[in-house]
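What follows is one chain in structure tokens, specifically the form predicted on its own.
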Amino acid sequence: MSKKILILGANGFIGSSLSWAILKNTDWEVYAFDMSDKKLAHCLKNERFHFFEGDVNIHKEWIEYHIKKCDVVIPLIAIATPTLYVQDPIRVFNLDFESNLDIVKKCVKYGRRIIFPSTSEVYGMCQDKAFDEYESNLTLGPVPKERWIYSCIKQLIDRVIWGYGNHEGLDFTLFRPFNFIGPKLDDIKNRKEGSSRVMTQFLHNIINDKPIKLVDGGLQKRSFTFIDDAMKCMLKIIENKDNCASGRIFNIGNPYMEFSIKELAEMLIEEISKYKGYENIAKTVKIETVSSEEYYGKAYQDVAFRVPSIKEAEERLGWKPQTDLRTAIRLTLDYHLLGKDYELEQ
């Protein structure tokens, strides 16, 4: 029997990638909701894709009806930009916590399975060499460091969902993305410094002759995960063969692709210089070091590394990431610089 999947926030990076992966690899139907369909061009042509344009805080009746109608609910509506954590934390709370908590409660009410996006940020300043979903401590900074509101919100919803599952029978899966990258991550045009994820911010600056700004020297390390690898894991979670994902938490990341932000910048410059018209980019691009306070504000705090343990996903889902960082960068550059139709070519 074909599944009916409700994706809220379908026009985002994960939402649009997941929608396409479902349509391409399964016979499931997708009911999609967002304020725009800009990233969903190919999906809109598919008869199994049903899109509604709306606001999560306005069109609550549509959302409730489709939660009741569908088999699986995947709420991807959230603000996930560090700049806004410190500039507008209440807005982050209202959307990321209150709006999503209402969706969780509706899933409980109608007995629907929820697959909820936690975040690698819930681990905070954990010092474990690899972050374990069930054993690692979730350690956050002091209250005045407002940067942690997003992490705290996600951690609390994780605990609420776990509670509903453990005590009221909610069928759930929590997944924690670790620095997903790839085509459609962000629009590289007209980027305001600090408003997008690091890879696309760097790419925008390089091709527009703006300096790359390395926060605190760019020594922080992250584990980068190519979007296609991540979506293969997501499909296994949705499929839930033999209930392998029910009541579980999964890190979705690539511990074999840990690089510093500085190394990412250097690799981007090197790879861009291989494209026609950008051969001399390495000679012209400027790299500047700025403090985190200067870049984000006093309420920001960072972590030195963030590496996932993926043992849970390997053992329960049979999943393992395959794509190296240079390949991920090349595919992203092909999309932005050459206009290659990434989705149709894969």
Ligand code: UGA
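Here the structure is a predicted model, which is why all the values come from computation and not from measurement. Numbering starts at 1 and runs along the sequence shown.
Omitted here: the form predicted together with the ligand. The next part is about that form.
- Would you mind picking the one in S136, N240, S99, T119 that has a heavy atom within 4.5 Å of the ligand in the predicted bound form? Of S136, N240, S99, T119, the residue with a heavy atom within 4.5 Å of the ligand in the predicted bound form is T119.
- Task: With the ligand left out of view, choose which of E279, D302, D55, E293 has a non-hydrogen atom within 4.5 angstroms of it in the predicted bound form.
- Result: Checking each option against the ligand in the predicted bound form, the one that comes within 4.5 Å is D302.
- 4.5 Å heavy atom contact, K213 and the ligand in the predicted bound form: The answer is yes: K213 has a heavy atom within 4.5 Å of the ligand.
- Query: Hey, in the predicted bound form, is R91 touching the ligand, heavy atoms inside 4.5 Å?
  - Reply: Judged by the heavy-atom cut-off of 4.5 Å, R91 is well away from the ligand in the predicted bound form.
- Message: Residue-level contact is defined here as any heavy atom of the residue lying within 4.5 Å of the ligand in the predicted bound form; does F131 satisfy this criterion?
- Response: Taking the distances in the predicted bound form, the answer for F131 is no, it never comes within 4.5 Å of the ligand.
- With heavy atoms only and a cut-off of 4.5 Å, decide whether G165 touches the ligand in the predicted bound form. Taking the distances in the predicted bound form, the answer for G165 is no, it never comes within 4.5 Å of the ligand.
- When you measure heavy atoms, are I103, R248 and F250 every one within 4.5 angstroms of the ligand in the predicted bound form? Negative, none of the three is within 4.5 Å.
- Message: Please pick out the stretch from 138-146, 108-116, 174-182, 268-276 that is in contact with the ligand in the predicted bound form, where contact means heavy atoms within 4.5 Å.
- Response: Only one stretch passes the 4.5 Å heavy-atom test: 174-182.
- Using a 4.5 Å cut-off on heavy atoms, what residues in 257-289 are near the ligand in the predicted bound form? The one in contact is I261.
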